[in-house]
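For reference, the chain that follows is the form predicted alone, supplied as structure tokens.
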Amino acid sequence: MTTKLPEVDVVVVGVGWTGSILARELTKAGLRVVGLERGPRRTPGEDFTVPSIRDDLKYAVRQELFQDTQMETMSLRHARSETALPVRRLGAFLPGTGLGGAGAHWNGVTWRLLPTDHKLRTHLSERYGAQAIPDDMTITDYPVSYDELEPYYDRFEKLCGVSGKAGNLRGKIIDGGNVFEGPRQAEYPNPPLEQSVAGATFETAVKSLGYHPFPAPSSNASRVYTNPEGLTMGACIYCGHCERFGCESNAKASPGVSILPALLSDDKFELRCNAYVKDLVHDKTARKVKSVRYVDTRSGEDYEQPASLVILGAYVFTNNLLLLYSGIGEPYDPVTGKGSVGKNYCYQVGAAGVTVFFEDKEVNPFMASGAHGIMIDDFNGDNFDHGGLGFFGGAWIQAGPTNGRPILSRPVPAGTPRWGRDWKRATAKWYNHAFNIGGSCCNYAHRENYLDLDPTYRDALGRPLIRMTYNFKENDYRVAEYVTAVLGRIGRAMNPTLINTPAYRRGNFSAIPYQSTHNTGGTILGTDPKESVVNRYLQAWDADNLFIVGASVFPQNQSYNPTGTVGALAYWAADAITKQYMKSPGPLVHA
């Protein structure tokens, strides 16, 4: 039996970065908001304190803060001709669960897209000719320009207290920052983090090659900082426990540090944790979502929460699953190209990382933060000429340890045995004398990469699993091969004692080794209801009172970590709701 609850103004599904931002802005506008979070309630002061939080086995290996695959997972196949199988243990990516979502355990790298990323298809067509874009590369423009989104990028950076150095301040190019970035109207809220030995070594090498190094834009605060919500972050202590961990010093921006304390103190907001949303009740005739149905995982009881406005702010796979399972929008068909729900699923491609070893240099990898590197953007996006290369896109490149934790951080030269006496000797010798140079490559949308409902496997609530049909394509391989060669060139320029020679190997995407948690797409934004799921304000074309936020709205995946753009788009959507939709509920864009 389902208990139907009294109607509220707004129900928000998922209380991570996007759900917290939308809930906060809508309560400020006077609306009563209910937030539904499938996992437990976690707060920094109770759950992320020393010494318990510095548990490499519990958090990094046994995945304490991540989605429970026994409750819900995804299935994977590389092509439509294959039968998908469930992912039984998270590996390649690590969706979060619990209050704060993946925002609790991220590293903190916080980018803005390049201006050309916002108009990707138009830019590439104008520079190289429309015929240069492969027919099966289904990239498209964002219907929101960089200049339109810039104030919202700035707003999210101030919320997070991002540490960094501007490279383009109101059109003035500034050496030491990212000279390729779009013009920003204000400097970063905090100065860059302290530079590591690895970062300094990398910086010298890339400058000798004519490249343009800059400090990582980091939501790890370099000093004590109070954000516009009146919430104070601590200064980073470089403990090396960012990725997969909550922050012990409240220096890493997260929903639990940066916005939830203010939201939870507002009597217009009600948080319900352990509320596992099952589906959305959609009235096609009225073009609205009437309510959200969920299960209380503690009692097993079913509830239905009616609301005037519904915000879908869950992770990429959940946003897609809820739309497909609830029958909202037309599922994407790769054969005909029709439909849009599940279309343009993207992940991220990694180049073959280079590890450099120095007998005469101590790196101290344990003194690090999640976003502590020195970077270059010379080979990112279309910052370099792609004429004749046979691919589009690129990668941001960085060096600098994010941690030196004992279980997963054991750099050794190529050829070292994987266990035994010689492995122990190599580990002892090189642990403090090596670091990695890595490249995070783009993943441009492809006709054959998409999400739909699995016809065979179901989750604990009886719903079909979300099925990934996904594999790397020729553009991905070529980008990775090109960037791998650049990494090797940079590594050799450092004159290390030893270098693990990079060799990118083509092969199928594997869900086993960790790569990134940068999944995007499936509920993409656009200008045409036949080609997209939400309009430029992130309002669903098929339900006027449904707004979908998060990386699922990205039409393709640039090389950048998505969180900065996710946060900016959340504020953009909140502005549209409070300044336009609330005054006149209905479609904000007419097709």
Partner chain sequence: MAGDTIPRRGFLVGVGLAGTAAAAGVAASSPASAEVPAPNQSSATEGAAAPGNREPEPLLALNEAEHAFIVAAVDTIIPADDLSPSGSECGVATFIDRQLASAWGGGAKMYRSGPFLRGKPEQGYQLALTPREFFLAGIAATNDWTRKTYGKDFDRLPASERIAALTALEEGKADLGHVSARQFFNALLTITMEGFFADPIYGGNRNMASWKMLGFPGLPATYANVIDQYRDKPYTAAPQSIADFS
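The shown structure was predicted, so the numbers you read here are calculated from the model rather than taken from an experiment. Residue numbers count along the first chain shown, from 1.
Not on display, but discussed next: the form predicted together with its partner chain.
In the predicted complex, its partner chain sits within 4.5 Å of a heavy atom belonging to residue 64. The shortest heavy atom separation between residue 86 and its partner chain in the predicted complex is within 4.5 Å.
At least one heavy atom of residue 427 is located within 4.5 Å of its partner chain in the predicted complex. Residue contact check for residue 195: one or more of its heavy atoms lie within 4.5 Å of its partner chain in the predicted complex. A heavy atom within 4.5 Å of its partner chain in the predicted complex is found for exactly one of 259, 120, 76, 109: 76. Checking 477, 211, 509, 146 against its partner chain in the predicted complex, a heavy atom within 4.5 Å turns up for just one residue: 509. Heavy atoms within 4.5 Å of its partner chain in the predicted complex belong, among the stretches 31-39, 544-552, 48-56, 530-538, to residues of 48-56. Annotation: in the predicted complex, residues 236, 367 and 418 each come within 4.5 Å of its partner chain through at least one heavy atom.
Heavy atoms closer than or equal to 4.5 Å to its partner chain in the predicted complex belong, across 540-555, to no residue whatsoever.
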